[in-house]
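Shown here is one chain on its own, the form predicted on its own, set out as structure tokens.
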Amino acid sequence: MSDSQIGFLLVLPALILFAVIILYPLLGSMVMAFLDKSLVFPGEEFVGLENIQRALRRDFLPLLSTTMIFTVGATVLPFLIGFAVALILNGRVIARGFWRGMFLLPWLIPSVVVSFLWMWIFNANYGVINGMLRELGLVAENINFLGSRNTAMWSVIIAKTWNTFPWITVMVLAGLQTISRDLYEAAAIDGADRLRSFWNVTVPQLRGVISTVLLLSFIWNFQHLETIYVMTTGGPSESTTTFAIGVYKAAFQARDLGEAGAIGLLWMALLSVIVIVYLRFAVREDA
């Protein structure tokens, strides 16, 4: 056998797993977007673009707006916190190794557990935050964080931020440790203070890490389901209903697999366009 044939046989088990677990469900959901298919009634009927047109008229813009708010918030906020923590841990801190391990704990906890934890923290009747606000005299009565359109999305974003910022801290910290001290010494000789050294040395050296972290965070948050579903189930009044929640509700609450497939297809197409545009700009900047 040739080297290419041996290589193919070695890769074949992974290809089979990919086809069964990812490719087949993906193609099945794409085909479903063009069918009138229900979980309640048997049979299916080809309806062409009818499901997609209905999703565009009824669901697409509200879902897009809510998804982008959540995705941007749950990407930018943990990035800023994670970056700041990484800068602190990269310096001279007492028990630095201990703190590095402690900051990993939120990331190691499953997101469903984190969601239940923060749902209790934001609870309108016995939540920790309401108790603290009352003790400080900042509020006279409890705030229904998860039951108000004005605070529900921010509550979900805060919970997701607490769960994911440690991963960003680890990535940025690894990048910081690869920067040569000679660059900072050269900047200091040229008269640069800490702020100028940060903008002219640290940020350019971390450009690759920052791009990777932001892209992966955006993709994961664009598809995220658990935190939102556990904490708000998409409410109140659809104010936290993202594409992931919309697909779930269409498929398993409305029992309309055709509509769920149409929303999923639009969701995938939009994410693909965003990623392609981002990568093109990233490649052009690197060139």
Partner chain sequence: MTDTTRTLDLPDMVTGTRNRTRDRLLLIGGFIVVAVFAFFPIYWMLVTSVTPRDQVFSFPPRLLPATITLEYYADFFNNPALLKYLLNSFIVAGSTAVSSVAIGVYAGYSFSKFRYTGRRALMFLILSAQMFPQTLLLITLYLLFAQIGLLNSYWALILSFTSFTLPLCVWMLKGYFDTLPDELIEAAKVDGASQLTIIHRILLPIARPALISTFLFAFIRGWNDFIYALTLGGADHMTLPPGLVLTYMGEFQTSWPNLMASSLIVSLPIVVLYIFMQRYIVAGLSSGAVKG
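It should be emphasised that the depicted structure is a prediction, and the values quoted were computed from it without experimental measurement. Residue numbers count along the first chain shown, from 1.
FYI, the form predicted together with the partner chain isn't displayed, but the following is about it.
Colleague: Please determine whether residue 112 contacts the partner chain in the model of the complex, using a 4.5 Å cut-off between heavy atoms.
Modeller: Residue-level check for residue 112: yes, a contact with the partner chain.
Colleague: With heavy atoms only and a cut-off of 4.5 Å, decide whether residue 72 touches the partner chain in the model of the complex.
Modeller: No, residue 72 stays farther than 4.5 Å from the partner chain in the model of the complex.
Colleague: I'd like to know if residue 194 sits close to the partner chain in the model of the complex, meaning any non-hydrogen atom pair within 4.5 angstroms.
Modeller: Yes, contact at 4.5 Å.
Colleague: Might residue 161 be said to contact the partner chain in the model of the complex, defining contact as any heavy atom within 4.5 Å?
Modeller: Residue 161: contacts the partner chain in the model of the complex.
Colleague: Let me test this: is every residue among 11, 81 and 128 within 4.5 Å of the partner chain in the model of the complex, going by heavy atom positions?
Modeller: Yes: 11, 81 and 128 each sit within 4.5 Å of the partner chain in the model of the complex.
Colleague: State the residue from 76, 210, 119, 153 whose non-hydrogen atoms include one within 4.5 Å of the partner chain in the model of the complex.
Modeller: Filtering the options by heavy-atom distance leaves 119.
Colleague: Within 4.5 Å of the partner chain in the model of the complex, counting any non-hydrogen atom, which residues from 137 to 152 show up?
Modeller: The one in contact is 142.
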